[in-house]
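Quick setup: one chain, the form predicted on its own, written in structure tokens, and binding and motion questions come after.
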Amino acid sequence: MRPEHPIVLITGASSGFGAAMARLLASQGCHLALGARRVERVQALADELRKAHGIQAFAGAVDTRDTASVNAFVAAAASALGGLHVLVANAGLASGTYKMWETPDEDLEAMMRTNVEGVVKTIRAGLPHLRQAGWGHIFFIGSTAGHQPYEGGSVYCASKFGVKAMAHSLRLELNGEPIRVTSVDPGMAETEFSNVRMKDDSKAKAVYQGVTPLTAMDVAECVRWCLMLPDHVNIDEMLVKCLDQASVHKVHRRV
């Protein structure tokens, strides 16, 4: 049965979507396990949310590319909080806007290991705790890039098509168990995403010039809504874009 205060594990919780989800779900009474490589940030966030909402919040370092790191973080979180009910495999990144043949190994490996391998490792470690609890929900954070590829994004798009495939496969594999599976796939959203990708703040700012993009809290609200629906309702996939973005290649910009 659904617990009154679900325990939610979020990777990549130090900023962007992850931090926004933590804040919104804490306001709904959820307990939190927050993980990121920037551990000081998640520790500060956990402290803030404990004080603001009176919830339990565990924070720890996790590198989702590393199996031992993921397993240790998930085990510590489940032990500290008394279990897990919800997994949000949020950690992900884009690195560069290279044509396929130009992509350096460093960027190729960062995207594939984080966006694909890291998701598998997070779910593999967390799923036994959801099964033990007897109720659960798993969230993939995909992208419009997993629905429509674009120039300069071949590897990133491939990784997000992989996320889409994994979400669909897991939905089939868990059919009959009391565990819901949802992929929330945002389009243009203004977070640190473009700063990391472009490695240049001015170029990152130009991505959203003349556009009213999604915010991190908009995406967090999508996760909250899916989670709070009645248990017999499963939102398999949610494709969400700002009004100005009709597709990857069609964006209305005000000059």
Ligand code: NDP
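Being a predicted model, the structure only gives us computed values, none of them experimental. Don't overthink the numbering: it's just position in the shown sequence, from 1.
The discussion below concerns the form predicted in complex with this ligand, not included here.
Participant: Could you tell me which one of 125, 91, 77, 87 places a heavy atom within 4.5 Å of this ligand in the model of the complex?
Facilitator: When this ligand is considered in the model of the complex, the option within 4.5 Å is 91.
Participant: I'd like to check something about residue 22: if you look in the model of the complex, is any of its heavy atoms closer than or equal to 4.5 Å to a heavy atom of this ligand?
Facilitator: Because no heavy atom of residue 22 falls inside 4.5 Å of this ligand in the model of the complex, the answer is no.
Participant: In the model of the complex, does residue 188 come within 4.5 Å of this ligand, counting heavy atoms only?
Facilitator: Close contact exists here: in the model of the complex, residue 188 approaches this ligand to within 4.5 Å, heavy atoms only.
Participant: Mark residue 141 yes when one of its heavy atoms lies within 4.5 Å of a heavy atom of this ligand in the model of the complex, and no otherwise.
Facilitator: Residue 141: yes, in contact with this ligand in the model of the complex.
Participant: Classify residue 30 as contacting or not contacting this ligand in the model of the complex by the rule of any non-hydrogen atom within 4.5 angstroms, answering yes or no.
Facilitator: Looking in the model of the complex, residue contacts with this ligand do not include residue 30, since no heavy atom lies within 4.5 Å.
Participant: Looking at heavy atoms inside 4.5 Å, which stretch does this ligand contact in the model of the complex, given the options 22-30, 222-230, 59-67, 45-53?
Facilitator: Among the candidates, contact is made by 59-67.
Participant: Would you give me the residues of 143-168 that have any heavy atom within 4.5 Å of this ligand in the model of the complex, in order from first to last?
Facilitator: The stretch touches the partner through 143, 156, 160.
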